[in-house]
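Listed next as structure tokens is one chain, alone, in the form predicted alone.
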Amino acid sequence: MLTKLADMKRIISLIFLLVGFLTFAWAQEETVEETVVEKDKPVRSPFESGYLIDQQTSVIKVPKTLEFVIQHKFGTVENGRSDLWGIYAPGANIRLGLNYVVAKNLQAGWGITKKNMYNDFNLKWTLLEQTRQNTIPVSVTLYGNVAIDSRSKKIFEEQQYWHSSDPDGVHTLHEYRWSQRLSYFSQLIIGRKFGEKLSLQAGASFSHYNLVDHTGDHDKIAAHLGGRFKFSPQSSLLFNFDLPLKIKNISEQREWTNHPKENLALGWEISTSTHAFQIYISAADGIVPQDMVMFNQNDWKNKGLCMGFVITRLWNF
């Protein structure tokens, strides 16, 4: 009898010891979990696409994503019904492009455009992503390209253009060089998502053409503003504004007789996980960004708007 009581005491003691150990371990685990700080993640979808009508956004898809893009602009609406507000006008412009995400937040792309038969090679790199807990309050993105004017050699051989070494501003003919086909564009974009509906971004860019005619400049700095207001799970209102700046220190013009006009664009976007479709009205007839900054002469305040659309399709590998 005494032996059985002793055995029961040992069993009860063992049970209390086990319960005490489990309680202590659970308390320690709970304490550790409470001290772990949740990792601050990037905000979800500041924009639905890497394109904001005529501008780029900070959005770069996951690595090994291939994107096909169609950008199309019709003629201006100035003729009204006679050419169906520019849809059947002869001044349409089209760009077809491919973008590939080679690494996290790094995208490389190529495109070919109807106007001047530009072949452009571009890179986009999002250096900073805005985070949900505001550890990083904004996104910071760099975008740049080099474009090749692929028109006939004869056009370059016959073109008169301004050369900065001509002291009296003489219009001269120069021997053709292949480098005259090149132009460049570089841009810094800073953006922020405000809540679940509104995203805004601002940027500054530098454009350069190796060859321009006597009415233009080789270099141009521009300011950019754009945004999105998401009013349903798949639909958003878009806008962008591009302003070429008048800076005498980098200009070769004595008078601002042919300064490029600002570009205003308003649009509507419908998006899914693999597609984005944007339809819009825009002032600039160019699609390659340096062309819009350097050569736009459409005045959005005087029937200088044209309709257009952007379609993107994604594949993951």
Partner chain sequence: MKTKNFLAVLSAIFMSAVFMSFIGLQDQKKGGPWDVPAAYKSKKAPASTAQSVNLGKMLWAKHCKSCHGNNGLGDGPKAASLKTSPGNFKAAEFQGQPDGAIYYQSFVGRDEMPNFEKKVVDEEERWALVHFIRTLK
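All values derive from a computational prediction rather than experimental measurement. Residue numbers count along the first chain shown, from 1.
Absent from the display: the form predicted in complex with its partner chain. The rest refers to it.
Asks: Any of the heavy atoms of N258 lying within 4.5 Å of its partner chain in the predicted bound form?
Replies: No, no contact at 4.5 Å.
Asks: Within a 4.5 Å heavy atom cut-off, is S271 in contact with its partner chain in the predicted bound form?
Replies: S271: contacts its partner chain in the predicted bound form.
Asks: Counting only non-hydrogen atoms and a 4.5 angstroms cut-off, does K124 reach its partner chain in the predicted bound form?
Replies: No - in the predicted bound form, heavy atoms of K124 and its partner chain never come within 4.5 Å of each other.
Asks: Is K248 part of the interface with its partner chain in the predicted bound form - any heavy atom within 4.5 Å?
Replies: No, K248 is distant from the partner.
Asks: Have a look at N134, S179, S152, Q234 for me and say which one sits with a heavy atom within 4.5 Å of its partner chain in the predicted bound form.
Replies: The residue from N134, S179, S152, Q234 that makes the contact is Q234.
Asks: Report yes if all three of D54, V69 and H72 come within 4.5 Å of its partner chain in the predicted bound form by some heavy atom, otherwise no.
Replies: Verified in the predicted bound form; spot residues all out of contact, no.
Asks: 206-214, 225-233, 102-110, 183-191: which one contacts its partner chain in the predicted bound form at 4.5 Å, heavy atom to heavy atom?
Replies: That would be stretch 225-233.
Asks: Any residue of 279-317 with a heavy atom within 4.5 Å of its partner chain in the predicted bound form counts; write them all down in order.
Replies: Read in sequence order, the residues that approach its partner chain (within 4.5 Å, in the predicted bound form) are N316, F317.
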